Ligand SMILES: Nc1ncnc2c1ncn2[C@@H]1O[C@H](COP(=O)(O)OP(=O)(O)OP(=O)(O)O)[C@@H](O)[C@H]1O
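Take a look at this one chain, the form predicted on its own, written out in structure tokens.
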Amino acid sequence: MLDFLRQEGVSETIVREIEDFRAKWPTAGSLSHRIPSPRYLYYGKDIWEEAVTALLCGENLLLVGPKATGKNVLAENLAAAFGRPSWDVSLYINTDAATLLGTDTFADGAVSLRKGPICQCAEAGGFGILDEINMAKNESLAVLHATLDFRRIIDMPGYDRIQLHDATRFIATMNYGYAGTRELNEALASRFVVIDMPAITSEGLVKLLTREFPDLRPAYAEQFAGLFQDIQKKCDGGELSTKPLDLRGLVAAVRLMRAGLEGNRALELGIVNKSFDDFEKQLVSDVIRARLPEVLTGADVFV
């Protein structure tokens, strides 16, 4: 990961500080399986420098942005770059304090605390990834206030106070406008530094596709990146909903092409059919036709 950061042009001073962080707080061998090995990499020098600097300063991160901006990819990449074990917590309407912190359990003839992911992360010096933080109830997240601010403690009623490890950080992600989301509590938001995630650039998308598919022809890597940008522009202009703006779907479609499925049929499965409105499907199909030939085979796309 550090070599990748250097390739992206991240400041050498920042990279050396990450190395110092890793040397100061090595991860125990029993937790090495929790250090992510990212399949996808986040491309964007400025965002990398902002995020890494914030974490080095002991801050928690809130990654905010629309669909397909790489929030979860960046969160996973950061844990890998710092060499920290990570705990992924998916937040939703029924998330409560017991889900986050832990609850009583009966073991060996006594009542003990079965620690939740937040407590485990706090003690191990891990990176806690709080996914879609604005889908959880404010009441449940209020238990994290002391954890996320300068106190850095978890006070469990009936048990000892848990002091956060010096290497512990929390990275939250959120989308605006998704069904079930709500306005983030101001007290909670104040405990994060916020990065507004930009849309992936065409250059970054080409890099992502080329890394995932080394045998992809450069001309088609640029065409697929351009197709995604075209759909994004139509979403930004209000011509399309964000349903067909699906980066995972594009990657899946290219993967289906490599497996032998005709290209336009693969794109229907990965992108077009993500919309359930016939008129919108036709608009997306028209965007694809403007970019790609009517018949597209794997031999055309791959070397």
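What you see is a predicted model; the values in this text were computed from it and never measured. Residue numbers run from 1 along the displayed sequence.
Keep in mind that the form predicted in complex with the named molecule is not shown, yet the notes after this line are about it.
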property: Residue (of 240, 261, 35, 247) lying close to the named molecule in the predicted complex, criterion heavy atoms within 4.5 Å; result: 247
property: Partner-contacting position among 223, 175, 120, 185 - heavy atom within 4.5 Å of the named molecule in the predicted complex; result: 175
property: Candidate stretches 25-33, 262-270, 40-48, 232-240 - the one whose heavy atoms come within 4.5 Å of the named molecule in the predicted complex; result: 40-48
property: Partner proximity in the predicted complex: residue 132 to the named molecule, non-hydrogen atom cutoff 4.5 Å; result: yes
property: Contact test in the predicted complex: residue 169 vs the named molecule, heavy atoms, 4.5 Å; result: no
property: Non-hydrogen atom contact residue 69 with the named molecule in the predicted complex at 4.5 angstroms; result: yes
property: Contact test in the predicted complex: residue 141 vs the named molecule, heavy atoms, 4.5 Å; result: no
property: 5, 18 and 80 all contacting the named molecule in the predicted complex, non-hydrogen atom within 4.5 Å; result: no
property: Residues of 182-201 having any heavy atom within 4.5 Å of the named molecule in the predicted complex, listed in sequence order; result: 200
